[in-house]
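In the form predicted on its own, a lone chain appears below as structure tokens.
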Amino acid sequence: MNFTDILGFIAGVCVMTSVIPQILKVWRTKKVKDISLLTFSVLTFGVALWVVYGILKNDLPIVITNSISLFLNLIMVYFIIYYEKE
């Protein structure tokens, strides 16, 4: 890995982990009233596009960090839909 790859990986880790506190809060409280499904849906779609972009460019840091981010954002979308009923 060169400096650019390391920088991209660090940036990806920052973005990837940013949703974890929100996931944990929703998991504990089961409350999603003030969380926008549209925002997380658009974010999830954008992250999915980043994964495709990373695959096409053969850029491992983009693929790895955005794949994990995609998984975490899908969890959040699921929580919003599931707990919205309550």
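So that there is no doubt, residue numbering starts at 1 and follows the sequence shown. Only a predicted model underlies this, so the values are computations on that prediction, with no experimental measurement involved.
Below: the form predicted together with another copy of the chain, not depicted.
- Proximity of Leu7 to another copy of the chain in the model of the complex: non-hydrogen atoms within 4.5 Å are present.
- In the model of the complex, Gln22 approaches another copy of the chain with a heavy atom inside 4.5 Å.
- At the 4.5 Å threshold, heavy atoms of Leu43 reach another copy of the chain in the model of the complex.
- Among residues of the shown chain, Tyr82 is not one whose heavy atoms approach another copy of the chain to within 4.5 Å in the model of the complex.
- Along 48-83, residues Leu49, Trp50, Val52, Tyr53, Leu56, Lys57 each place a heavy atom within 4.5 Å of another copy of the chain in the model of the complex.
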